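One chain comes next, on its own, written out as structure tokens in the form predicted on its own.
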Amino acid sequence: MELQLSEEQDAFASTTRRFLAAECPTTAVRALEHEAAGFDRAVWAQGAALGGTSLLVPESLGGGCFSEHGLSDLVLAAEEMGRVLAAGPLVPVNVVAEAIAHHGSEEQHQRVLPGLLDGSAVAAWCGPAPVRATRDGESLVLSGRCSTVEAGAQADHLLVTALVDDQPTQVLLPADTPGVLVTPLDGLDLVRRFADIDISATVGPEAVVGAVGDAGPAIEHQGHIACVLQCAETVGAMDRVFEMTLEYLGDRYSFGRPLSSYQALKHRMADDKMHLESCHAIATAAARAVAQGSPDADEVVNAAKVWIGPHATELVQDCIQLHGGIGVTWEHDLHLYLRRVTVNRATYGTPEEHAERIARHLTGVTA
């Protein structure tokens, strides 16, 4: 989160926090554990009405933002969702909405965007890993698997990357397209859902988003958006866990003294605070770089994923230990936060994978 917000951004962040506190407490997260969707569509639609799905879409298409860059506004919502572990496909819906808004056809704008913006429809981004595609006249024959797709089984629309003549192309499919097989997966997070999607289908030219073979830059930008939103959510979760722990150490007494008075625990909290603030800083830098289209955006986003993933899991693990025995019980909420940051660490590229991208950039190696 930027240190200085505009009046509109501050109002949006405050409104989002109040809404999530009322509609998405951790009790609601626990109640959704065994729900197939993993989120309440009515609550999701209410969040969409606040702007949670429209900030990356131009005003001319029904969207709009509060500042010069919609991503700078959207990360505020992502961070607030991380603080309460709110359920809902924030990342995939916004990634797909942005892709359709900026690269889709007029027909796709009219058919898909309204549902995404009002929360009545959900979209899944099948990620940068492509499926195979061959030409059949003007149609494309798709074949392959998209693995670990967030909200894959809940989606009404699928944005798929395909290689046509070895060039990346994006294709928008209705989830019920014949030849699309969705297999829901078990997951660590109580409410975040993933699926494997097998595709063996033929689609017409109307399904292509943008131009055939020209989707490389768009896919890279979508990956940046996904990572930026995920990093913001992770930092929000870290922030809340740190607050919970600080409060607990002040309230819990041992030998007549609050735990927060012990020097060893002070040192550990100081270290955790340092890591928390550094994660805030790199997450903000990544959001700013992508929003402004900086030349070094890819490097900064990779650095954010490399730094935040490990420090998030380490901070939450340390806070669990600082809570003592109660921290490892099912009834306490800390394990819910550990689940979320662990899943975030592993999706949209692991820290190790993003570190390799930085290394390739520094060494000039492209493969």
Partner chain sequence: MIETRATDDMEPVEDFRARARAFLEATMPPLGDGWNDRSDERRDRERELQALLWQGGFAGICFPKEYGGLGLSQEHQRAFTAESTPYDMPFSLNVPTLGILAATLVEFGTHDQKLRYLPGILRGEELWVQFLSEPSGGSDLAGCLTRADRDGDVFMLNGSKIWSSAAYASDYAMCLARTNWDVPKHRGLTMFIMKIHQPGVTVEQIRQVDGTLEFCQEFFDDVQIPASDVVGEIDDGWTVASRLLVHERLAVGGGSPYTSGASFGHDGSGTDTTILDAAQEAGTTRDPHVRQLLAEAHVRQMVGGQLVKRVTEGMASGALPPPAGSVIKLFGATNVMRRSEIGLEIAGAGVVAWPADSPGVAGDLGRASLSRQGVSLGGGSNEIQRNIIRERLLGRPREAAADRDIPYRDVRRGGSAS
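Numbering follows the first chain given and starts at 1. Just so it is clear, the model here is predicted, and its values are computed rather than measured.
There is another form of this protein, the form predicted together with its partner chain, and it is not shown here; the text below is about that form.
Peer 1: Can any non-hydrogen atom of residue 284 be found within 4.5 angstroms of its partner chain in the predicted bound form?
Peer 2: It does: once its partner chain is placed as it appears in the predicted bound form, residue 284 has a heavy atom within 4.5 Å of it.
Peer 1: Tell me, yes or no, whether residue 216 is in contact with its partner chain in the predicted bound form, where a contact means a heavy atom of each within 4.5 Å.
Peer 2: Residue 216: no, not in contact with its partner chain in the predicted bound form.
Peer 1: Is residue 110 near its partner chain? Define near as a heavy atom within 4.5 Å, in the predicted bound form.
Peer 2: No - in the predicted bound form, heavy atoms of residue 110 and its partner chain never come within 4.5 Å of each other.
Peer 1: Indicate whether residue 299 is a 4.5 Å heavy atom neighbour of its partner chain in the predicted bound form.
Peer 2: Answer yes; at least one heavy atom of residue 299 falls within 4.5 Å of its partner chain in the predicted bound form.
Peer 1: Tell me, which of 11, 355, 346, 21 has a heavy atom within 4.5 angstroms of its partner chain in the predicted bound form?
Peer 2: Flagged contact: 355.
Peer 1: Let me know the one among 145, 132, 102, 273 whose heavy atoms come within 4.5 Å of its partner chain in the predicted bound form, would you?
Peer 2: Checked against the cut-off, the match is 273.
Peer 1: For the chain shown here without its partner, which stretch in 164-172, 112-120, 239-247, 195-203 has non-hydrogen atoms within 4.5 angstroms of its partner chain in the predicted bound form?
Peer 2: Of the stretches listed, the one contacting the partner is 239-247.
Peer 1: With its partner chain taken in the predicted bound form, which residues across 255-279 come within 4.5 angstroms through any non-hydrogen atom?
Peer 2: 260, 261, 263, 266, 267, 269, 270, 271, 273, 274, 277, 278, in sequence order.
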